[in-house]
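Given next, in structure tokens, is a single chain: the form predicted on its own.
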């Protein structure tokens, strides 16, 4: 599933559609819609101008002129693509006054939701990890007696981090995925915070991680997968100490770590 860096990259690559008007909308699958049927959704979008596009956690938030929002989640295999012909897995088409925006999704786990108010589901998310203050982050850690890997995946704690960047952040900070969040002292909390910011910033600069279906709106792959130090490297040597990378389950998710470099 695309995480914060991938969704940020897609949102930035969609900048050319800001200011364009939606001439027509077509939804070919009800599975990718939330709170509306294809015909009514298309009618409500027709004639609306795109006022802005931003990332909010793992969501893309498209602001519409005069109020209203089109919320898009890419799911596991969703792609927003500028130009190009519709294909077998194209489930949404926004025809603009200049150009077209396609939504392809082979597994149809993504979604489109249109609302006139700021989407309620976004209000439930935690702070932006690239904007939260360290003091607030550390205070929130002390209040949670849960495994740190599970906490980083909790979108109510910070929004946008998934399996890839939780693993890479914990390795960079030298913290075991089973460590208790509330037991991380000031120094370890600081390392975790700095690692989180550094990993996400570097991943955005590299265009995200293209592991399976992810590309930006121009069809370009990211390069951060070549900088992964632990994620999906089970059995491979730690790039710091040479110890084989191990894998365990935390909150029913695979966690990759170095048993020597990362301490509980």
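Residue numbers count along the first chain shown, from 1. It should be emphasised that the depicted structure is a prediction, and the values quoted were computed from it without experimental measurement.
Keep in mind the form predicted together with the DNA is missing from the figure; the text below concerns it.
Distance check, residue 254 to the DNA in the model of the complex, heavy atom within 4.5 Å: Result yes; residue 254 sits at the interface with the DNA in the model of the complex.
Residue 31 near the DNA in the model of the complex, any heavy atom under 4.5 Å? Close contact exists here: in the model of the complex, residue 31 approaches the DNA to within 4.5 Å, heavy atoms only.
Can you tell me whether residue 232 touches the DNA? I mean in the model of the complex, with a 4.5 angstroms heavy atom cut-off. Residue 232: contacts the DNA in the model of the complex.
Though only this chain appears here, would residue 247 touch the DNA in the model of the complex if you measure heavy atom gaps against 4.5 Å? Taking the distances in the model of the complex, the answer for residue 247 is yes, it comes within 4.5 Å of the DNA.
Which of 189-197, 79-87, 138-146, 95-103 sits within 4.5 Å of the DNA in the model of the complex, heavy atom basis: Only one stretch qualifies here: 138-146.
Is any part of 210-226 within 4.5 angstroms of the DNA in the model of the complex by a non-hydrogen atom, and which residues would that be? Those in contact are 210, 211, 212, 213, 214.
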